[in-house]
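Next up: just one chain, as structure tokens, the form predicted on its own.
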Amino acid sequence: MKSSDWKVISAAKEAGIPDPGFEIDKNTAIVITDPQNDFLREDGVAWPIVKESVKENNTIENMSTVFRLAREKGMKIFISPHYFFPTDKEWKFGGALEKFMHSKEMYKRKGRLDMEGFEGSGADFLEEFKQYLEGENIILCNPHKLYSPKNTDLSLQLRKYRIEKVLMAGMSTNLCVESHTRNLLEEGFEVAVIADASGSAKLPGLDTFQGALMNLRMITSHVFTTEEFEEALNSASLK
């Protein structure tokens, strides 16, 4: 992340906002939202608006590092993807970004039971991540349709695995990452975020990553960089 992003973290500290800290242990898992082509591949429909943030954060490299470290340590990763099926396009109303996603056919799938055309599509997972997705530590959850996991099985899966603490990463920071974070906090999970394993829209006069970073600093237990996460994970007891 660029230095101006970390000024948000410094400003919170200077303002007296506590940083409770986050200890990784055996009851900790990672939740990754939307590690998909439509966000992270150069021909993805959202790439033009997120590319600057993704490049500044080294998001793809950092997400790959998170996947690799989790596999090496046997740490669970719960993936919360985003899919749209043909019936979803018949919705009668929607917010601004819903309209954008539907108009661009973002995350498009032919059907719930139809995987034809999925491989390599915008809804598919980024190729760099696929080497990790068949690991025993990966749990693929039902898709969210807006931004939060409220209508998915994510919380059920976390609780069934007796997960109490969550590290958030993925796309995009101000939408699905922040919405998942808020939802999980309200459900009683302890949550931190790996900020530079994420990215979000950046447009003239509108840096959504910086706005999300400010919110996440205020509501989570800690904001990690990927490097800090690796250090914390290496010193953690996961047994």
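Residue numbers run from 1 along the displayed sequence. Bear in mind that the values here come from a model prediction, so they are computed numbers and not experimental data.
This next part talks about the form predicted together with another copy of the chain, which is not shown.
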The unique member of N37, S64, T208, T28 whose heavy atoms fall within 4.5 Å of another copy of the chain in the model of the complex: T208
Proximity to another copy of the chain in the model of the complex, single hit among E105, E128, E164, E72 (heavy atom within 4.5 Å): E164
is_contact(T220, another copy of the chain) in the model of the complex, heavy atom dist at most 4.5 Å: yes
Exercise: L175 in contact with another copy of the chain in the model of the complex, heavy atom 4.5 Å: yes
Partner contact for D43 in the model of the complex: another copy of the chain, 4.5 angstroms, heavy atom: no
Residue contact check: G120 to another copy of the chain in the model of the complex, 4.5 Å heavy atom: no
Contact at Q157, K160 and S179 by another copy of the chain in the model of the complex, all three, heavy atom at most 4.5 Å: yes
In the model of the complex: members of 74-99 within 4.5 Å of another copy of the chain, any heavy atom: K76, Y83, T87, D88, E90, W91, K92, F93, G94, G95, A96, L97, E98, K99
